[in-house]
Every structure is written in C-alpha cells, then in structure tokens.
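One chain comes next, on its own, written out as structure tokens in the form predicted on its own.
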C-alpha cells in the first residue's frame, strides 16, 4: 500500500505509534488518566486538546472480556492472516517495541472477502486486554489499514512458555534508544510466525468496536482478539521489559458494547 493513498484517518495511526515524524505533545503511560487534558499550546481550542477522545470517547480500548456480554450465536466472517515474508524496519517508538512493514508490503489480514494490509505490529507489557482483571504477561498488536482508512487491529495474548525464535530476532534488532530505527536488509521473516496457529486460514476470535489504546485514542477501530495465545520464554519477557515495562492502558468501560465471538 502506498502511503500517499492512505486517508487522514489512516494517518492517525501512524501518528499514534510514531511511525512518521509528526510533532505531538509528549505523553506516557504513567499519566494515562489525564491523557485527555494534554495540551498542544501551538493550537487553539478545540485542537488545543488533541487527545480529548481519550477522556470523552464511549468506545475506548482495551476492555475486560469477563465484563462483556459475549454473543457467539451470530455467524461471523472467516479471519485469515495472509502475511508474507518481508524485510521490515525495527523501530523503538518511544512507547514500545515495534516492527514496521516495508513500503509496498502485500501481506494482509483477510476478513471474509476483504483484505486489510499489515502496516506494523508492536508489543505491550503486560497485556492490555484482560479477563476478570487478570493480565497476560504481554500482548501483540498487528495493525492494518485499508485504503479507505479503516483500521483493524489483530490482538494476540502472549504467555510465558517456550522461547519464540522470531520474537528473539525482534528483540535483538530493535534499538534501545527512543525514536531510533534499524533497517537491516539482511533480515527477512514472515509475521505469520507470530500468529498462534499452524494454519492461519480460519482463526477463532472475539471482535468489537473500539479505539487506539494510545493517544489520540481515536475510535472507529475494529478489534479482533484471538482465542489462542503464543508463548515467549521468561528470559525473553525480561528482555522486553528492558525496553518498556507497564506500557499498557487500563481496561475501559464497555458502555453497553457487546462482543461477538466465533467460540
């Protein structure tokens, strides 16, 4: 997908995860309860509060699955991770470990008959989505943006268990300094190796309407949370914490939202 064809909404997610060099007010996870009040003093009201949706939005993410009304009776589209081998860029966003796909990358998430190109994926420690208030050790977000600007996030819970070789490659190549990138042309891999199924053609999932989990917390994001998990080793989890720890937003009110499930 060519960046010039991405609409304004799609550009928002690049802004949120610092994949492009836009100037935004500084923020961190320690002050997430007041993200909405952060000011951009170069702007007038209402643009003076670029993260206001973090406080006033009614469809915010993440959520607690145990608090939701889950409907598993409605037929849902098939979910297929049709990712391909890529030569990505390893990026320290200043808020997390992130991998950006190359320009023109054709790997995508297929939902029914629609395909959504994979733009980047990144990690949170601990998980952002919880079950009964319980976090997983970490969570992986695959971010997809269609040419019409629709944003789809595929979330994968990460547990401690067997070592993950691809995750180790990411840890070994991500810069430790914020805002730094590493484009190593000799490293190629398939992001599908981080999807918890040998066959990614028919994944079980939960889905709901939500938002970005970091400023500007823009809504209109459709979330797909996989039922199965992947594992990393205890040592790998500690290495991830060496980059960023507690970079997870707390669960948000459902405000009457239902969650659909294939389970």
Partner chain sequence: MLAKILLIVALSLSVSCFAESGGNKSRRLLDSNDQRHSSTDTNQQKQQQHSDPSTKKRDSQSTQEHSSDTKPSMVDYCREHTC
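Just so we're clear, the structure is a prediction, and the values are computed from it rather than from any experiment. Residue numbers count along the first chain shown, from 1.
Heads up, the form predicted in complex with its partner chain isn't pictured, but that's what we're talking about next.
By the heavy atom within 4.5 Å rule, which residue out of 167, 83, 91, 116 makes contact with its partner chain in the predicted complex?
By the 4.5 Å heavy-atom cutoff, the listed residue in contact is 91.
Taking its partner chain as it sits in the predicted complex, is residue 210 in contact with it (heavy atom to heavy atom, 4.5 Å or less)?
Judged by the heavy-atom cut-off of 4.5 Å, residue 210 is well away from its partner chain in the predicted complex.
Though only this chain appears here, would residue 95 touch its partner chain in the predicted complex if you measure heavy atom gaps against 4.5 Å?
Yes, residue 95 lies within 4.5 Å of its partner chain in the predicted complex.
So, residue 181 and its partner chain: in the predicted complex, are they within 4.5 Å at any heavy atom pair?
Output for residue 181 is yes: heavy atoms within 4.5 Å of its partner chain.
Flag residue 135 as yes or no: does it have a non-hydrogen atom within 4.5 angstroms of any non-hydrogen atom of its partner chain in the predicted complex?
Residue 135: no contact with its partner chain in the predicted complex.
Given that the partner is absent here, state which listed stretch (154-162, 119-127, 167-175, 70-78) has heavy atoms within 4.5 Å of its partner chain in the predicted complex.
Contact criterion met by 119-127 only.
Is its partner chain close enough to 24, 149 and 216 in the predicted complex that each of the three has a heavy atom within 4.5 Å of it?
Yes, each of 24, 149 and 216 comes within 4.5 Å of its partner chain in the predicted complex.
What residues in 91-109 sit within 4.5 Å of its partner chain in the predicted complex, counting heavy atoms only?
Residues within 4.5 Å: 91, 93, 95, 98, 100, 101, 102, 103, 104.
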